[in-house]
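Just the one chain here, the form predicted on its own, laid out as structure tokens.
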Amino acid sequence: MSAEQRKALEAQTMALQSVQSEITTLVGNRQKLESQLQENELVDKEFKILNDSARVYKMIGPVLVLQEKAEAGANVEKRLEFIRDEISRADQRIEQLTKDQEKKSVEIFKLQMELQGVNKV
């Protein structure tokens, strides 16, 4: 029975490490999204300051192409919406994984206690 418990403990520990790794990756991605959000909010504020006759250029590769202000503003709004949705998804996934992490930690603790009980006998 002890060998089975050890295998279960190893499996739970590996699962916990996997969850922790995914949380770390998601937190990093969320930070990048937050940075993109701030940049795009700044661009959106600048667009609101511009008058309607202002020239707006979009960089496509090495070339600047003239773009209408309304179209550029709409693109920024869409990008902001997309980034906010991605941040929300990341937050939900992080919350779910954090709960999973807590459950796995409790399971590991229980398995460790059982192993210690077996070893003391």
Partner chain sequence: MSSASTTAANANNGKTQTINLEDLPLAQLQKIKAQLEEELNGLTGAFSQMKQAQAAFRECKGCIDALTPESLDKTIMIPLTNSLYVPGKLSNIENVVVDVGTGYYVEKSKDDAISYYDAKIEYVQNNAKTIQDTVEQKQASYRGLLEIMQYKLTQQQQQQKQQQGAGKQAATDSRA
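Note that the structure is predicted; figures quoted are calculated from it, not measured. Numbering follows the first chain given and starts at 1.
As for the form predicted in complex with the partner chain, it is not shown, yet the points below apply to it.
For the options Ser88, Asn29, Asn75, Gln96, the residue carrying a heavy atom within 4.5 angstroms of the partner chain in the predicted complex is Asn75. Of the heavy atoms in Lys48, none are within 4.5 Å of the partner chain in the predicted complex. Remark: Tyr57 counts among the residues lining the partner chain in the predicted complex, judged by a heavy atom distance of 4.5 Å or less. Although the partner is absent here, Arg84 is not a contact residue: none of its heavy atoms lies within 4.5 angstroms of the partner chain in the predicted complex. At a distance threshold of 4.5 angstroms between non-hydrogen atoms, Glu39 is in contact with the partner chain in the predicted complex.
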